[in-house]
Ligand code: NAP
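Only one chain is shown below, in structure tokens, and it's the form predicted on its own.
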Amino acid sequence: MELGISGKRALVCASSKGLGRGCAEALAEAGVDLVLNARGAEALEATAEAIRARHGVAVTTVAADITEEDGRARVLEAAGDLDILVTNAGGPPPGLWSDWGREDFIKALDANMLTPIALMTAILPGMIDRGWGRVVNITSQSVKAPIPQLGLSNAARTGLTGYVAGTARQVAGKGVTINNLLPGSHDTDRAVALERGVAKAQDVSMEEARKIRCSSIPSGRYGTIEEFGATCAFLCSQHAGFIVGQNILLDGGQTNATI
């Protein structure tokens, strides 16, 4: 399908690997020029070079921590006028409710709620002025159904979801859409970290821990970054202008809900 966004310019956060890279690859395949951000310069440059070679689009890189104010400032300065924003940041660590104090919650809110809000606050006015824009926030399936050991993520990402619900409806009439993608278990470093927790808690091998986690997914497998990226690219396309303020699950059926 022709997405109709060739020549647009997108900022994709935390995009040197994992879900962010999947989104960047899919947008580049659609002809979108990219601004890529991640903390590690080496991995970021390797990703950028691979995307340039494969898709022939312009790729600007900014190695910075997007969750910190000075990092965001450098990214936004390099990004310039943007048509597409994909927000993304690593999730907080798992644990028990008794493990977390105020500073843990502040850190989670900064990374997974306030950072996307700050980016939208900076970028939405330009999109509105130009009469077109797409924002996709990568959140979590825990927004639909809380995951007990991910209480920090449950709290921060649900807060972002509430903000998007109202803001998306305020800007939709200006040609700008905001939606959220809710990943379940995908084959990324995050999945490996969670498997490590299962292996430790249940005293099993990493291979067995993966089998245990996959057994809870009706599709019987982890998602791929390619299929995740393709969904992101569609939400950023000319065909998605009537999708506003939605939370789209990509979880292989793992979230057991009717709606």
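In case it trips you up, residue 1 is the first one in the sequence shown, and so on. Remember, it's a predicted structure, so these values are computed and weren't measured experimentally.
Beyond the structure shown, there is the form predicted in complex with the ligand, which is absent from this document and is the topic of what follows.
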Among Ala233, Ala38, Ala28, Val35, which has at least one heavy atom within 4.5 Å of the ligand in the predicted complex?
-> Ala38
Any chance Ile138, Pro183 and His186 all have a heavy atom within 4.5 Å of the ligand in the predicted complex?
-> yes
Per-stretch contact check against the ligand in the predicted complex, the hit in 160 to 168, 122 to 130, 102 to 110, 89 to 97 (non-hydrogen atom, 4.5 angstroms) = 89 to 97
Non-hydrogen atom contact Leu19 with the ligand in the predicted complex at 4.5 angstroms | yes
So in the predicted complex, does any heavy atom of Leu11 sit within 4.5 Å of the ligand?
-> no
For Ala64, is any heavy atom within 4.5 Å of the ligand in the predicted complex, or not?
-> yes
Partner proximity in the predicted complex: Arg54 to the ligand, non-hydrogen atom cutoff 4.5 Å | no
